[in-house]
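Look below for two forms of one protein chain, each set out as structure tokens: first structure 1, then structure 2.
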Structure 1
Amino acid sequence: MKMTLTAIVAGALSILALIIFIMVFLPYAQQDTTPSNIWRDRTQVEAAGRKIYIANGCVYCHSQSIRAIDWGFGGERIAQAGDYVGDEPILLGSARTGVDLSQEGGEHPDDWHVAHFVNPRYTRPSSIMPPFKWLGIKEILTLTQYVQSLGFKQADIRMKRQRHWKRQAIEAYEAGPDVNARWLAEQVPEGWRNIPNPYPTTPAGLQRGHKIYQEFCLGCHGPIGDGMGPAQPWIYPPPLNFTILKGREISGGIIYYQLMNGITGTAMPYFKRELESQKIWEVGDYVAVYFINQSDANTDPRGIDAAWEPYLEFEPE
């Protein structure tokens, strides 16, 4: 066979057709269109929010698919084909410049999302996501409803939990600082309430805590811990004013637990998937030292000091 122009063109077209058949038509013919066990129809508002999501290119930075290799992203469920029934186009995304959103619904209450869309640095001070305040509050609320639907029936359960605890959080906040501080402490399991911060207060530890505070907490709680960060106008109940905790018995364990697990129903998110244990203890100690003016760091009951800790009382023989 001679390598004529006709043979080259015909061969190239045949290979292209084979690739299209294998990569496009064959998967399309074999696709599973059975809804998954979490799938449900979207409401009209959620569908309208999805159009805003598409129009503003959110898919370029946020994926909507958790794979078996992605557990480090915090997904609780591997995505299934049936999760995307009815989605046209399917917004899987190929980049994770931002977090994966496939199960975002109910991870935060609505007001957290509103503050985040107005300016992401209000809730995530180090975020590189652009602000969307220009959309206007109506479209931001609509977009929020779409994001809160991601995860379908599982998201609905998380949203039910958010609404349940938000009612209680608002009631405690509106009852005054004493009731609010007591209610917050009572949500922490008793064992945690009696645990002091296991690490000593040191200049280096406070500097690390300060850095973490600036990267994660500043937008809501403000630079002086009074709850008047830039996110405050969009959040209710507002971020905690740490200074109301002065003179109260607030252990390092209480602070640690609420940093680790967040406070569902409020805009306070959990950080156990982003911060290692020591970082949570150190930012907690920073808050205790500078905003509450008390710290139980390295007090009894104590265990064996970590190997890196500076010795304060023990002198090697």
Structure 2
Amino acid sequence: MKMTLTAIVAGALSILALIIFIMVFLPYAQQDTTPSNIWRDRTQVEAAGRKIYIANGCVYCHSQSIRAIDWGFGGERIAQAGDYVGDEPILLGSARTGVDLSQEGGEHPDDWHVAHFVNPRYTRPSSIMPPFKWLGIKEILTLTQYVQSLGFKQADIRMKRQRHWKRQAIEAYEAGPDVNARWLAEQVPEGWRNIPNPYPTTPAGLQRGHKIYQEFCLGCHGPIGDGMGPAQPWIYPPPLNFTILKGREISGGIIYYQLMNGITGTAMPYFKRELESQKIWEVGDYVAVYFINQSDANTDPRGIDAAWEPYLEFEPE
């Protein structure tokens, strides 16, 4: 074959044209623009927040695209083409240096996001997200509105839930520590309230609990558990001061349940995805021993002793 200029230019361009037709134009012409069942339009503020998201390259660390194999945030719902019908540009993202944000709306209340944007280390001590304090509070609030809309109608339901519980949490907090501590404990289902921490306090367990506390809790509850972590100025009701819990019969079960499930409406996140059972019991015991100064670890009722517990003198026989 003789390669002439015409052969090269015309040949390459016609191959390109054919392939653009098949690989780009056909899918474009045949696209289904029906919105998915959760889709809704964005409000003006949300659209403005999306612009800030684009301008600041959030997309290089955050995908908005849930796959069938995902577990994390939003893992309950696999992405559908109809979720993106209003997105120009589409922000699928190609890296998850941070988490997927498809269903971020309503995972946390607004105050959590504000503290997180000011400096992600405040709410998430080992985060590597850059701080956005320099954006200024007005822009941060706009951005928060956008983030809270991710997930569309599902996000709206979660936001409604956040607002509902936020009112109650603030009311309880403002009524003073007695009421607040009682209110918090009463939200935990009866059964859980009566369960002590089933595992004994051990030096190793406390060490591990300490490490988890530093990686997950420090920014809010503070190094000494008084609720004065760096996130505190941005969070309302403020992070709990654990020392007020002394003498209020806060069982291991209450702490476990609150950690697992979070306290919706307050900045207190749920940890069921991040921490397995043992880790929750151990960080709970760490809080109980060091900050509340009162632990019910390994008291009755206990059930059958766990197989691995070396600290028990096994007597029956």
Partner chain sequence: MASTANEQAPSYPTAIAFCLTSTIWFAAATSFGMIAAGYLFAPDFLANIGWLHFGKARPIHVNLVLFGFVTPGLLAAGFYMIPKLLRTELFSEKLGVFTAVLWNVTMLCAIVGIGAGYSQGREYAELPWTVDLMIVVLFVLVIFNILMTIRQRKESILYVSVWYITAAVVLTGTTYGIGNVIWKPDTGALLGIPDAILLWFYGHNIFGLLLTPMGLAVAYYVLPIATRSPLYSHTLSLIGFWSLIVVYTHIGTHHLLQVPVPTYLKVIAIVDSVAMVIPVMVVLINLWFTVKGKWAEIHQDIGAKFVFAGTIYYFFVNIQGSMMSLPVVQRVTHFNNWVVGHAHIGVLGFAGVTALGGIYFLLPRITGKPIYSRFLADLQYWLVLIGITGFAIVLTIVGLIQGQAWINGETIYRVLPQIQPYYIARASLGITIMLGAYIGAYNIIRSIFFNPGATAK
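Source: prediction; values computed, not measured. Note that the rigid core is defined as the largest set of C-alphas that superpose within 1.5 Å between two forms. Here, residue number means position along structure 1's sequence, counting from 1.
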**Report entry** Structure, 1 versus 2, that is the form predicted on its own
**Finding:** 1
Report task. Align both forms on the core first, then report whether residue 14 has a C-alpha shift of 2 Å or more between structures 1 and 2. Result -> yes
Query - Rigid-core frame, C-alpha of residue 45, shift of 2 angstroms or more between structures 1 and 2 - result: no
Requested in this report: Establish whether a shift of 2 Å or more occurs at the C-alpha of residue 26 between structures 1 and 2, with the two forms superposed on the rigid core.
Outcome: yes
